[in-house]
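Just so you know, structure 1 and structure 2 below are the same protein chain in two forms, each on its own as structure tokens.
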Structure 1
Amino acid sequence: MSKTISVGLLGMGTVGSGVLKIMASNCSNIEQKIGGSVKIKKVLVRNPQKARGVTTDAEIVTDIASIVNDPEVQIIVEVMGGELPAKDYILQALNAGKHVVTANKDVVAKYGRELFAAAEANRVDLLFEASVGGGIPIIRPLKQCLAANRIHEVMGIVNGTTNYMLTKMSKERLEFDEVLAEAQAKGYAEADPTADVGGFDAARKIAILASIAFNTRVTLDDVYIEGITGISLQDIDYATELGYVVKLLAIAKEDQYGVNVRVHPAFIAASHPLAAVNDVFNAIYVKGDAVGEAMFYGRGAGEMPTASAVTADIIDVARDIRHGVSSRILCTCYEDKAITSVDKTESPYYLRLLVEDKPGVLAAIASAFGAQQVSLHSVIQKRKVGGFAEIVLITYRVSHANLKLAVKILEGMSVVSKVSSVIRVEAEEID
């Protein structure tokens, strides 16, 4: 066995503790896979006195310089979370010639270009498998296993909190506020749940996946985002009746205008593989020209699943060090593709309206849609709400721009009390 490879761990919270546990419990197995020993030499924490659920023989430090400037530390693992100071610490590590492993989706999505340039300039590895999908392998498959493919589409459920909430609403017929309170009580949602229910967490992840899949830099600002705060139990019930399931989807596709990247709730057919992904589980569905369809499924967050992906990256870097290689697969964004405006995207839509219950109303609504080249597939009227008739409409495929104009006209019509919901139907066309 050659000299031990030393690791500096930044953060000893949920994921950091999981890494320490895996490195300790699977030590001999990891050493066999690497062909030598690897150990965590130092751990950076903010408060050394804080009680933690794991013990370690590593030196506990509070100064990043003591890790970055340690000549024995060859790999630095960042599991602190948040943009700053994590981004600065990663950059310091790369510029000091250290290999870096991170689980930080915020940093990778926002500062990827700068960090990958630093890794390439210093000929070191920068791995980030755990930044998307927790323990689900997806970064490495896209970069390596599917490298021979031209990827057409990446679509996934990549936020466990919102998937748990939508599952509860569907299975137990609970309203949004009820399931949010339960998700917070169970620790699935933060006290401020905006990142999850607002779609921002999913948007950061799909920005990373789109960058890899389509070989062009996609940032958070390029992603069109809608959250699930407007989804009601009534929408879920109608979806079930129509043969659909409501999911918060992160979608990236290449179209005639460029790369189309978005996060929003959608109706997907009950027969679609993603429709069966429930509770806190995540899944990412990929279409390639050679492989066809593939789906990656598992726990998208949590201490041990995320730590599993982080530790696998540590093993990968350690193997590179053992064999004297580095930076084999860094940034694959070698193209500069346009980002498709959401107004140019097309899909069928579901709309739920409250309208006056009198003759001629449906004709007036149909005329408003027709004026914007929106064709209606079906119209359903089943109940009354506060003296108004509730109608549900499903359109044929239409551009987002035309649909928006039609909705604006509806909202200004005297016979329309409220446009309650507008949700995409994620399908090429309605049968």
Structure 2
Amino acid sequence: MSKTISVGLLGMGTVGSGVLKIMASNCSNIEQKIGGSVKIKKVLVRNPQKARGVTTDAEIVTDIASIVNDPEVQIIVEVMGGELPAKDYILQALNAGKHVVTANKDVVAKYGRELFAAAEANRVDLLFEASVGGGIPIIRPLKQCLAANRIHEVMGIVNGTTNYMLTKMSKERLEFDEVLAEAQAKGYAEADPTADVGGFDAARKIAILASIAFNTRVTLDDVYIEGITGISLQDIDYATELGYVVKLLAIAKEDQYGVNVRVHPAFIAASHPLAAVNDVFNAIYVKGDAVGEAMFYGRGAGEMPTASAVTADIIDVARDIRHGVSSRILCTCYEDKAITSVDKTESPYYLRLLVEDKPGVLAAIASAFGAQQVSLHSVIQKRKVGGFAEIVLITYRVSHANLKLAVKILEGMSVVSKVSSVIRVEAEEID
């Protein structure tokens, strides 16, 4: 057997601890797959005194230089999270000729171009399977297994925290804050959960997937984002009643204008395959010209699933090192496509309004919609709230721009007390 491959692990939180556990429990299996031994030599943390749920014989350090400058360390695994100093540490590692594995979508989505250029210049690997979909293989399938395809669409549930929350709200009728606290306690949520509930985490992930699927660099700024903070139990109940489920969707499609990339809550038919994706599970649905439809499903967050993807990347790099190859598959963004403005995107919409309960109100609302070329598929008067009538509308397919104008007009109408919710409906049957 050849010399042991040494790894420097940056971070020993949820994911880092999982990596240490897998490397310990599956050690001989992993070494046989690599054809040589691999060990975590050093671990970087912020606070070496902190009690940990895992033990290791690796050296615990607080200084990145002691890892980057260690000539024995060939692979650096970044599982610290956040943009900085993680991005700087990754760059230092690449420039020191170390292969890098990261789970950090913040860094990959924002600094991908710069980091891949550094990996290429230094002829080292840069792998990031865990950055999207936690334990689900999706980066490697898109880059390698589906490389023969022209991809038309990637659509998925890519944030475990919000899917867990929406599932709990729907099935157990729990309130938003309660279910968020549960997701945090389970280690699913980001350090700042605004990234999850605000849709930014999903946006970073779909930016990464869109860049790979459409071979053009898509960054966070290119993604239209709506989170789930406006979703109430009332909307979830109406969705159920109308035969839908509320999910936070991340969507990337190529259309006549360019690449259309967005994250928003949506009503999807209860019979849609994504409707059955519950709890912390994620699923990513891909349409390619040769493969047709493919769906990837699994745990999108959590200690062991995420560590599974990180450790697989370590194994892949170690195999490359053993075989004397590197930087085989780096940046695949060889095109420069336009981003479609969200105003041009079209879908049916669900709206919930509080209006005066008197004759002629529904007709006035229908004519306000009509003036913006918004046709109504269905209108249901539901219940009384504080003296007002609550009505639920589903529109036919309409552009985001026209829908926005219609909502603005509604908000200015004296008979409309409140536009409580506006949520897209992803349903091909409403045209």
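Counting starts at 1 with the first residue of structure 1 and goes up one by one along its sequence. Take the two forms, superpose them, and find the largest set of C-alpha atoms that agree within 1.5 Å; that set is the rigid core. In this text the structure is predicted, and so the values were computed from the model without any measurement.
*Between 1 and 2, where do we have the form predicted alone?*
Structure 1, which is the form predicted alone, differs in this respect from structure 2.
*Answer yes if the CA of Arg173 moves 2 Å or more between the two structures after aligning the rigid core, and no otherwise.*
Yes, the C-alpha position differs by at least 2 Å between the two structures.
_Rigid core aligned, does the Cα position of Pro48 differ by 2 Å or more between the two structures?_
Where the cores coincide, Pro48 still shows a C-alpha shift between the two structures that is 2 Å or more.
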